[in-house]
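Read the single chain below, which is given as structure tokens and is the form predicted on its own.
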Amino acid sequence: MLTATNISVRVGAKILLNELSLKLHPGEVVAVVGPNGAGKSTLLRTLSGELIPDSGAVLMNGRPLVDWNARQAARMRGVLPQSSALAFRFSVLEVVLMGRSPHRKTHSHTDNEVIARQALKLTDTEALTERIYTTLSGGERQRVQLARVLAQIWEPCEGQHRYLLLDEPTSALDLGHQHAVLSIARHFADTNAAGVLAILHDLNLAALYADRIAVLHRGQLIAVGTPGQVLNSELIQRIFDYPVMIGSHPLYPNCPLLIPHIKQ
């Protein structure tokens, strides 16, 4: 389990996270939603170990995150940021192989290349294998970076659970690839008992793919639960300051469907 307990993060006098607690269980998908500036990316950066909380603790598989060495942590936890700056003329295959860096002492180059190609196939980027990364579109780059992260945590690590942290993974993608990426994340959670946490802006996507939704506002966890428990018109109006109706998805009756009002 990946657990945040009463974590607070401050920058000067500004509180970015305020005594927030959240658990990510193996095999589940948690969507983190909230308005801009709510603390979503700060939460992900803290769960990944990029930020050290001013108070509280983050545990991964029952052990403080700071106690795992970098190589061990990288084998268990993959992070897809909003954007990945890479200006060098690497091929797509070379970019995905970067995800295998934590495994170079335990796997041969051939083994790592096999896994990299499997990750490319899973993310529908196999046709881009020999392309130069800098020539790709924004959406193509995002899917290649997802392949890199998946390659990093592709196989079990010493019996420990794995975690995939996604910061707005659908922001640069068209409709079809938005669903493809979240389907891959859902499949990875289901088949590998991996915990997946994804920051999303589209609440309907969150409702379709997440087991639980965590709603953040001004650095605090306002609500967490199943989509049906969390997504109601009163909460959406209060947190996002926008009126919606809640219906049922025509294909998935147990999934709430948000229908925005058009302000005149």
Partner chain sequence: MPSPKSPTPPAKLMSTKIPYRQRLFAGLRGKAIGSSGILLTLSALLCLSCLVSLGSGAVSIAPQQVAAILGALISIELPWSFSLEQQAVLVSIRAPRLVLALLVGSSLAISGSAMQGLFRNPLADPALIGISSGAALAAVAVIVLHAGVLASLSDVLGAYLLPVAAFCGGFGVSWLVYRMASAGDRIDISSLLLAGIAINALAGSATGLLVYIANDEQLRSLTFWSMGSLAGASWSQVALGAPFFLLNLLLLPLLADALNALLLGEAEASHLGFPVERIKTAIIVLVALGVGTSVALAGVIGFIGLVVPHLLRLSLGPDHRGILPGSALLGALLLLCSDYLARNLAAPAEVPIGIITGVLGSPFFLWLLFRQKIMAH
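Residue numbers count along the first chain shown, from 1. Note that the structure is a prediction, hence the values are computed from the model and not measured.
Form predicted in complex with the partner chain: not shown, discussed below.
For the marked spot (Ser8, Lys40 and Asp54), a heavy atom within 4.5 Å of the partner chain in the predicted complex is absent from each of the three residues. Checked against the partner chain in the predicted complex, the residues Gln118, Ser171, Ser83, Gln160 give one hit for a heavy atom within 4.5 Å, which is Ser83.
The listed set Val30, Leu208, Val230, Leu221 contains one residue whose heavy atoms approach the partner chain in the predicted complex to within 4.5 Å, identified as Leu208. Per the 4.5 Å heavy atom criterion, the partner chain in the predicted complex is contacted by stretch 42-50, the sole one of 42-50, 235-243, 55-63, 191-199. Gln142 falls outside the set of residues with a heavy atom inside 4.5 Å of the partner chain in the predicted complex.
Although the partner is absent here, Cys255 lies within 4.5 Å of the partner chain in the predicted complex, judged by heavy atoms. In the predicted complex, the partner chain sits beyond 4.5 Å of every heavy atom of Leu166. Using a 4.5 angstroms threshold between heavy atoms, Pro102 counts as touching the partner chain in the predicted complex. In the predicted complex, the residues of 132-156 lying within 4.5 Å of the partner chain by at least one heavy atom are, in order, Ile132, Thr135, Glu140, Arg143, Gln145, Arg148, Gln152.
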